[in-house]
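Quick heads-up: it's one chain on its own, the form predicted on its own, in structure tokens.
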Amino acid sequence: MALFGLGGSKTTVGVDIGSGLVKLVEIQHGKEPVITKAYAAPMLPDAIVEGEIMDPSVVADAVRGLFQTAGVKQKKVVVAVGGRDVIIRKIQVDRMKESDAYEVVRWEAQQHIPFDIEGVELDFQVLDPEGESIQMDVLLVAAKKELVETKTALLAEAGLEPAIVDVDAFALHNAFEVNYPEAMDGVAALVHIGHEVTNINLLYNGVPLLTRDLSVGTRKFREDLQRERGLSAEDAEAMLRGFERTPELDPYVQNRGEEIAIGVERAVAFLQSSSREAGAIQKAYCSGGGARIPGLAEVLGDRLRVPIEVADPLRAIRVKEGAFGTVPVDELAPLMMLAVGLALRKLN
């Protein structure tokens, strides 16, 4: 399972398979990355629930149909896994050549991973390869093999091949690093609000040290409006996609926004308790479909006492004319942070 590095192919296709939408971004790599295609298509309700694929055939059909609509012929793609079955830890081991470190890291991983080591895919990266101290910092990532195999089988059914299986948090980090280099200093929080899950990624000096998933996404906001205001799913969705805060929407944004902010606070408190270096959040960004909900960024910022910037995955990346098809770029771009991060990975 290739997780780190940025290899060398000219074109990469990143595929983000979410419970609400499946998204595709194609990037050509040259002197600078250029987005040549960016498309999204709806996923049938309940085909994916809380990250678990309930109906692989339906999901594979959606992915296949999206590739046909986008006119993408390339079969090798970059995808990601995430959720509770993915563990990310910063550990320390005796300094040695990276080529000699695998067995040592594998042994050390058993002390940090709550899974059977034989049932996981394991990868790592030395964070201070040029350091001179006796020990070196290593970023360790492990994912259950079952999780990776499920994603691989799904892509095979769609006629695709995973060239790289990434981790959600690292793919988001890739996109942020390119577009927001200033976020790579100090403690930064990246909050990605998807359809069913909110991913919290905490960075210290550009290194992702902690990732947490909350079972809160745009679906919960929509269901609140349906249940308490008697709105249809379509009307609730339209209200969430509005451009201005309204008295009718504010209470629901406030409640769910507080829930997300508390999740961020708890993640920060845990990081501070386990790392002497990390302090208070200095910068915070939100992305994903939830970032478009009117007033949500302000609610999060008020609770966390730090300005929240709605992240733009195209801020520092050139977009080829017509790459988004007939969909307005401003409408689709906020949803594409993860897919952009995947497509930024160059294939070997």
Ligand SMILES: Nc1ncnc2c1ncn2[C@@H]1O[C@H](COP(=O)(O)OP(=O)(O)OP(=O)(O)O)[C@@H](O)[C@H]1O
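In this text, all values refer to a predicted model and were calculated from it rather than measured experimentally. Start at 1 with the first residue shown and count on from there.
Beyond the structure shown, there is the form predicted together with the named molecule, which is absent from this document and is the topic of what follows.
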Exercise. Any of the heavy atoms of P313 lying within 4.5 Å of the named molecule in the model of the complex?
Worked result: no
Exercise. With the partner left out of view, is A175 within 4.5 angstroms of the named molecule in the model of the complex by any non-hydrogen atom?
Worked result: no
Problem set entry | Non-hydrogen atom contact L335 with the named molecule in the model of the complex at 4.5 angstroms | yes
For this session: Determine whether any heavy atom of E259 comes within 4.5 Å of a heavy atom of the named molecule in the model of the complex, and answer yes or no.
Result: no
Problem set entry | in the model of the complex, segment of 285 to 293, 314 to 322, 65 to 73, 24 to 32 with a heavy atom within 4.5 Å of the named molecule | 285 to 293
For this session: Let me know the one among H195, R212, K90, R106 whose heavy atoms come within 4.5 Å of the named molecule in the model of the complex, would you?
Result: H195
